[in-house]
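One chain comes next, on its own, written as structure tokens: the form predicted on its own.
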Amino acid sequence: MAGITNSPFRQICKLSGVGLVYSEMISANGLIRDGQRTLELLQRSPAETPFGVQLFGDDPTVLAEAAKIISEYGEILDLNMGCPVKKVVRSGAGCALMQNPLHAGDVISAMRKASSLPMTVKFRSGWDISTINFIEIGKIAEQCGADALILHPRTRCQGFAGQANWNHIAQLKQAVNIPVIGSGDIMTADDGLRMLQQTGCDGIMIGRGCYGNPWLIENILRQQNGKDLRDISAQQRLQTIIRHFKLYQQSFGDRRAATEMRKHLCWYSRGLTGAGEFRFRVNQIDQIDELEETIHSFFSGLG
């Protein structure tokens, strides 16, 4: 979710009814040594409350210092032990912490002592199929002071391939006495409700399912309350895109908005007539006025 779940994206999701948003993954080393550049990732609006700050690293002392710093910026502290990206894992962070549960416990304990904020820990089922240790990690996290757990039930070696094993979420829920949040393969409103019902988890975390579809959150909530799903018209889609675009401009300026909104526009247009040509066009444009004109032309023309 790095480079995606910034403040504009989070604000759009909040408008759809999400209860809690997290920052992009933030390097603990970067936060205590790189100052201003990393602090940019903590930019948020009042609308994003409560706001969870997601840290990664492998040194208990460094993570404790970072935890103290973020207490000024968010309402929830999070340790990411689920990132499978090679660059992160090579540094001993992310999923790599799952290979040494005792060290992971030292990290969690150090962060817990450094901050009084509610603390979540996100992790995966294990490193690979032969080292499934999510229950061990969950119990250690609970013992070391975590207030809630977030499980993405794939192994590090799976990445995002294959199917998330929701049974692991149910097993973790039975093994610990703190809230468990489930993550993985929630792409429709039915998926969200099925995870809650099948696993007994206390909440769900949505990532890729919201790419170009923030209305997924609203529809999960509507279905949970027995209401009909909302069918998003082209005009409503356009209004959300323009709002997202304006938030990007306000946060980062025209130039960055023009380049970084491209990926979001590709996701917003998925499945629509003429989406292939639209994606090709927007990826060639770097001027803000031309991009806005292309967006209006395409979505207004859908009727």
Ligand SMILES: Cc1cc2nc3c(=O)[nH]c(=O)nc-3n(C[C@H](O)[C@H](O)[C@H](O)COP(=O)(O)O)c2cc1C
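Quick caveat: nothing in here was measured; it's all calculated off a predicted structure. Counting begins at 1, following the sequence as shown.
Unshown form predicted together with the named molecule; subsequent notes refer to it.
The candidate stretches are 59 to 67, 22 to 30, 237 to 245, 273 to 281, and the one lying within 4.5 Å of the named molecule in the model of the complex by heavy atoms is 22 to 30. Contact annotation: Gly207 falls within 4.5 Å of the named molecule in the model of the complex, judged by heavy atom distances. Taking the partner from elsewhere, Ala2 is found to have a heavy atom lying within 4.5 Å of the named molecule in the model of the complex. For the chain shown alone, Asn165 is not a contact residue for the named molecule in the model of the complex, no non-hydrogen atom being within 4.5 angstroms. Looking at Gly184, you'd find a heavy atom of it within 4.5 angstroms of the named molecule in the model of the complex. Only one of Asn80, Thr199, Gln158, Asn219 lies close to the named molecule in the model of the complex, with a heavy atom inside 4.5 Å, and it is Asn80. Using a 4.5 Å cut-off on any heavy atom, the one residue of 42 to 61 that reaches the named molecule in the model of the complex is Gln54.
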